[in-house]
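This document opens with one chain alone, in structure tokens, the form predicted on its own.
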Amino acid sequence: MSTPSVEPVPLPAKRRLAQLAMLAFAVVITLGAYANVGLAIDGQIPSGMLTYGLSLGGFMLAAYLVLAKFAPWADPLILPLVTLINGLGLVMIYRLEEVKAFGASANQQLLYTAIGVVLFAVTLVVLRDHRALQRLTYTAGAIGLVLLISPLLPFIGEDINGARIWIKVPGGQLQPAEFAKLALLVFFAGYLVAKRDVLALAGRRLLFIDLPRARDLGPILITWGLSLGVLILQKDLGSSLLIFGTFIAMLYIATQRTSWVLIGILLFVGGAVLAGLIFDHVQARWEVYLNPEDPELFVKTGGSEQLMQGLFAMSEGGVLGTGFGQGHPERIPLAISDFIFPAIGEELGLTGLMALLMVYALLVERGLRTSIAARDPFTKLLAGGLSFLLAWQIFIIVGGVTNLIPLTGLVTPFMSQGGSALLSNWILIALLVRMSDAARRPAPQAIQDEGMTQVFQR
């Protein structure tokens, strides 16, 4: 009797249907929000709602089909969660466009979304095995550094709103730091996998903490110097915080040493205090943080007006909000980018903001679950680093607009208008999806056993 051939077990049809249902639900919520905005402003459903809905639904269906083909075992929640956040961001930008505020353009953001989905698909198709990135550890580090310093170069660098974080490209500007952070995370993951045994060694013991050896402080000091350089030369507090904070988190994941976290906090506080004493732009941020209600700071260029208007808006929204299309987001400077979170808070209230934060938290949780389930240390570090990067960015944004921490100039992932952040975040999601597929895919023996069971059941 010949042995029956064993075919790989396909993803259960019920699971595929569940993924599609969640994706459709996210698009339906977006369409409902569009209708709400139109009814509140003009008393009628927006004429372009069907176009927006079909476009967004078509883009996400294309993303799902690529995911189903090239990463079928990936976490089924990641794409629907991103679709919901991206869709609500489109709605808020459309709402600002309707009141002719800040040059908002929902069509432009929809175009960026389409390009982001293309990059998502290309990443999944080209990067069949994410572990290949480990072989490019130092190449990724070099690319990240070049991208990070490129705005400082003459002719291509551009200074906007006091920060030199942009480069000129045909048709507009590009913020290379958004892509540099992904390259640097690949470098951090590869480097820490190779050096984690050395970095985990304990030196002297201080109270209840095992301090690292002095000779092993080089990586954290270099990263600290890099983040200070970004803060001082480019006046980019946000990227400085993201880079250093994410490296410390990945260092902790790799070594499980609390001492690295404490050293990182001390270095950051010391660097921030030093920069505040020496550099005017850092001192100005600190003054706004301490005294946002000061009338002199309110009217000063780069002062506290945007912060106070954001706080007023969230206060006006209360618990349930004024309703989509019934607030005054045009009063908030930079509501289209840095301050889109308070603009949403006015119209959806505290309840809406908490729901939005829960969606972000669930997205981060799925990334961390991928890190825990990963079978190799490189995947654990990279998935954990990307998840922390997303969570850290949300904390910095929300903390800044609520005056919990000084303002940094970061934008809300997938919601704020702009191409650089949106495109880089879609690539980030593609990397998480690829690693999730690898972590959740059944082992070959398990697939063979299940296949044999199906054969004999026939």
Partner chain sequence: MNSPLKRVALACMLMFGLLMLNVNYLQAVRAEDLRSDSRNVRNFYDRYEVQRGRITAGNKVLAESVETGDNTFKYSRRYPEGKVYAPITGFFAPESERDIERAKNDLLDGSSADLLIRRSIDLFSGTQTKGANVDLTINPKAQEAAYKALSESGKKGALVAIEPKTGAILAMVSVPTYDPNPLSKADKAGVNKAYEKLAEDEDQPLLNRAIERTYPPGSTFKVVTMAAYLESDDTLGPQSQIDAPTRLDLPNTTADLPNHGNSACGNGRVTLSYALEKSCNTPFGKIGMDLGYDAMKEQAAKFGIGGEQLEIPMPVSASSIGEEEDQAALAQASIGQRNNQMTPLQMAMVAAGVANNGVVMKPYLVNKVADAEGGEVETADPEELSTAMSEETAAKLKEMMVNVVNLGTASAAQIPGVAVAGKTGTAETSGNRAPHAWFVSFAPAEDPKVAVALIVESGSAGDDASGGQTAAPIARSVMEAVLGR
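Numbering follows the first chain given and starts at 1. For the two forms, the rigid core is made up of the largest set of C-alpha atoms that agree within 1.5 Å on superposition. Please read these numbers as outputs of a predicted model, since none were measured by experiment.
If you look for the form predicted in complex with its partner chain, you will not find it shown, but the lines that follow are about it.
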| query | finding |
| --- | --- |
| Interface stretch in the predicted bound form with its partner chain - options 75-83, 115-123, 343-351, 177-185, non-hydrogen atom within 4.5 Å | 343-351 |
| The single option of 191, 268, 102, 360 touching its partner chain in the predicted bound form, heavy atom within 4.5 Å | 360 |
| The unique member of 49, 66, 423, 391 whose heavy atoms fall within 4.5 Å of its partner chain in the predicted bound form | 391 |
| is_contact(residue 328, its partner chain) in the predicted bound form, heavy atom dist at most 4.5 Å | yes |
| Close approach of residue 313 to its partner chain in the predicted bound form, 4.5 Å, heavy atom | yes |
| Partner contact for residue 308 in the predicted bound form: its partner chain, 4.5 angstroms, heavy atom | yes |
| Any non-hydrogen atom of residue 427 within 4.5 angstroms of its partner chain in the predicted bound form | no |
| 4.5 Å heavy atom contact with its partner chain in the predicted bound form for all of 19, 70 and 158 | no |
| Residues from 362-387 in contact with its partner chain (non-hydrogen atom within 4.5 Å) in the predicted bound form | 364, 368, 371, 372, 377, 380, 381, 384 |
| Shift of residue 365 between this form and the one not shown at or above 2 Å (CA, core fit) | no |
| Post core alignment: residue 294 C-alpha displaced by 2 Å or more between this form and the one not shown | yes |
